[in-house]
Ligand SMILES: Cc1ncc(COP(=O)(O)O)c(C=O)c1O
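Take a look at this single chain in structure tokens; it is the form predicted alone.
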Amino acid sequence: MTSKRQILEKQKAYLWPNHLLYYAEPLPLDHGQGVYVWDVENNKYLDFFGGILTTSVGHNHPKVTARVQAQTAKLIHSSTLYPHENQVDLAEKLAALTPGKLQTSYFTNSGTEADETAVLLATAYTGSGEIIALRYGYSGRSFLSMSLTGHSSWRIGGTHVPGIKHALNPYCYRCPLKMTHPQCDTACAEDVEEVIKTTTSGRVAALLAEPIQGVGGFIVPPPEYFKIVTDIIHRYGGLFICDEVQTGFGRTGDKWFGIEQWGVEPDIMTMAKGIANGFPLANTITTAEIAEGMVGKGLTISTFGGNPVSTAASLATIEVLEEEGSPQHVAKVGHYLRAGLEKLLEKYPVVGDVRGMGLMQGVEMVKDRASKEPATEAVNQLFEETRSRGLLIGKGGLYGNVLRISPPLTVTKDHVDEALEILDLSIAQVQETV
């Protein structure tokens, strides 16, 4: 077997140097089982980041593996030029799970592609080329999706597609208006109308937003936020594109999709990551009426979109979620995780805020609670501490100071206890240096 040293040497020699790698000494993984992974030196880790919220039913789940193996023995590739049983069955299942009149799907390979497809559809349907996105939002790594993204650090080379405007985001912990909810009357939501009136032609194609901002640091909006902004965007001729790439498939608890927490029905919804437990697959789903907006506007295909293997994995993943990691299970275990994190908030001043829903919990680290100065270096130190104790977590936020805790949706309270114990010991070490 290739050694850790050999892997890291080849990484340095043959992969682009801008690859973002966690840890002072990058961690080559070898295999996984359930909620655990092992590196090439056979060190065991509890995975509480899930491949960036992707391994929704854990690593190497036997039901998913068996379905994939059976499909690879029959047909691996066909492209969107040919109908396939797995693809149409998955589309039917997603129509049943998604809210409102969402019914018709277009499969691609990644969240980036799904968002691009959604924007393309919105512009074709409305005839407008202007899109509203949110600050702190993240939409992917293509030229268009980086333009939609509201983080300077993720916009390589001054990326900018004309027609995209960014409104204030509902970041209550760091309110851009220096106000407090609910006394603010959700003024950040009203900013969407101000942006439309002052920076666009007055008629827009869409608002694209995440129900909970993922890369932004698991930012949760006030409960009335999306009802307000959806009404605004509709009044100005646009559609609401809901980016469920990170919040989908029960991640937020109780509901299958994050936007359902706010009682809002999107016009277009995108999803990826947890849809197929690690196999490359994404979907853009909309109503039958809106989908007709693409007819006669030009040709499009996806060579790998909705391929038989990934759709087989997705169908099996959804079945496992229904049996072992339902939205109700996620809510129950998520409440337990949240209670444990809030105890850490009470215990350690370096923890400035705990937020999130279900098994999507963020912990914002600060040098001082009064000033809320980001403790970015503390997070980097914490990563080394948690790794040494056998726990993998994620991070995000504009300042890189937010822990992103998002385990597979099949985790138990025992797994949560294990993670909380490691976090407690690790934060205690970090607190001494802040």
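Residues carry their position along the shown sequence, with the first being 1. All values reported here derive from a predicted model rather than from experimental measurement.
Not pictured, yet referred to below: the form predicted in complex with the ligand.
Contact annotation: the ligand lies within 4.5 Å of heavy atoms from the stretch 108-116 in the predicted complex, the single such stretch among 90-98, 196-204, 226-234, 108-116.
Using a 4.5 angstroms limit between non-hydrogen atoms, V245 touches the ligand in the predicted complex. The shortest heavy atom separation between G140 and the ligand in the predicted complex is within 4.5 Å. In the predicted complex, no heavy atom of K255 sits within 4.5 Å of the ligand.
In the predicted complex, none of the heavy atoms of I132 sits within 4.5 Å of a heavy atom of the ligand.
Taking L321, A313, V215, C188 one by one, only a single residue has any non-hydrogen atom within 4.5 Å of the ligand in the predicted complex, and it is V215. Taking a 4.5 Å heavy atom cutoff to the ligand in the predicted complex, the one contacting residue in 258-288 is K273.
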